[in-house]
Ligand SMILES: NC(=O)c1ccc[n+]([C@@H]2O[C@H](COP(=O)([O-])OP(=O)(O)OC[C@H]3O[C@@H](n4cnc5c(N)ncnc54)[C@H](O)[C@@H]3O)[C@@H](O)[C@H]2O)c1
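One chain follows as structure tokens, the form predicted on its own.
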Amino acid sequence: MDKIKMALIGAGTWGSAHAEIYSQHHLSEFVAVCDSSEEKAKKIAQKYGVAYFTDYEEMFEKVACDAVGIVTPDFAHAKPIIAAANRNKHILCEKPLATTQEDLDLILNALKGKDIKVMVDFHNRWNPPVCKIKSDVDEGKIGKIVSAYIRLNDIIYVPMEMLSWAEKSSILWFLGSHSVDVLNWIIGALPEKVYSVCHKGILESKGINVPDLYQTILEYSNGAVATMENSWILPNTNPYVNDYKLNITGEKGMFNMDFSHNTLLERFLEDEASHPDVIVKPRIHGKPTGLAYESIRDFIERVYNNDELIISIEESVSVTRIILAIMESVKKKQPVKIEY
């Protein structure tokens, strides 16, 4: 079989990571990039010798591709997904699938009856500690799960400087979607009810009209109860961009994961003390490695081999429905039952 011809929509920071994997993987061929910014699209195109566009409809018309990576902002996934589905392209989309019920309905309608592979890039499914917890839970090593706690926060640099579109999203979509997917996957069920509260004021005082944080309780159909914390107002002096912790407690045991303060590698310089990333996006001998890249590689390989994807479209739809329910709970100030 020929290599999978990969196109890319979204030429920002993470789009650049996709482009590098598409160009290096032995089973894929990078053929085109599209971004609303011609400058960004041209920069990637020149680096990898591919065609570039500012209109993805034009890209699909002029360039033959088998699959497309959609790396647009959280709120801008529906239109490119629908355009790709209408042309029967396999789709790898950055999280979340959609941020509104309307967009979710439009996407599901476009995918109806299509024989294409669609995966949302919840890359914690390739996170070694998370995968170890999942396998041990599935083997019954801690018995039935009773409770879970996940904390996935960002430093304030993210909404203030890294993202130009933070106000059009929220920390729930940006990191909460990862949190929900991890909980659902490990617990092996879906929540029936959620209750959430948020805090506003810090980012608003800096001109960004978006909540600072959410604290959420999720009641699962199998009896497990989870607590989820998502914030993006941590001080920029935090050792990592992310503050990531996970606890899973069962009838016969418990797991604790701490991605925020591990001492796997500590670096002390004259003017800096830090914990360099050696798990999420490290480079080894010049090659991008780590869990955030492995999900992209895995998609390419499974499309090439026509294998079932690690993350189903149904699981990604559920994540969006759960977060919409969380936001409804915040608005109503009461628990909300989730309709799937």
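What you are looking at is a predicted structure, and each value in this text was computed from that prediction instead of being measured. Residue numbers run from 1 along the displayed sequence.
There is also a form predicted together with the named molecule; it is not shown, and the following applies to it.
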Which one, 94 to 102, 257 to 265, 129 to 137, 212 to 220, holds residues whose non-hydrogen atoms are within 4.5 Å of the named molecule in the predicted complex?
-> 94 to 102
In the predicted complex, does Tyr293 have a heavy atom within 4.5 Å of the named molecule?
-> no
Does Leu111 make contact with the named molecule in the predicted complex, using a 4.5 Å heavy atom cut-off?
-> no
Distance check, Asn184 to the named molecule in the predicted complex, heavy atom within 4.5 Å | no
Look up in the predicted complex whether Val319 has a non-hydrogen atom within 4.5 angstroms of the named molecule, and give yes or no.
-> no
Pick from Val197, Met162, Val146, Ile142: which residue has any heavy atom within 4.5 angstroms of the named molecule in the predicted complex?
-> Met162
Heavy atom within 4.5 Å of the named molecule in the predicted complex - qualifying residues of 3 to 35 = Ile9, Gly10, Ala11, Gly12, Thr13, Trp14, Gly15, Cys34, Asp35
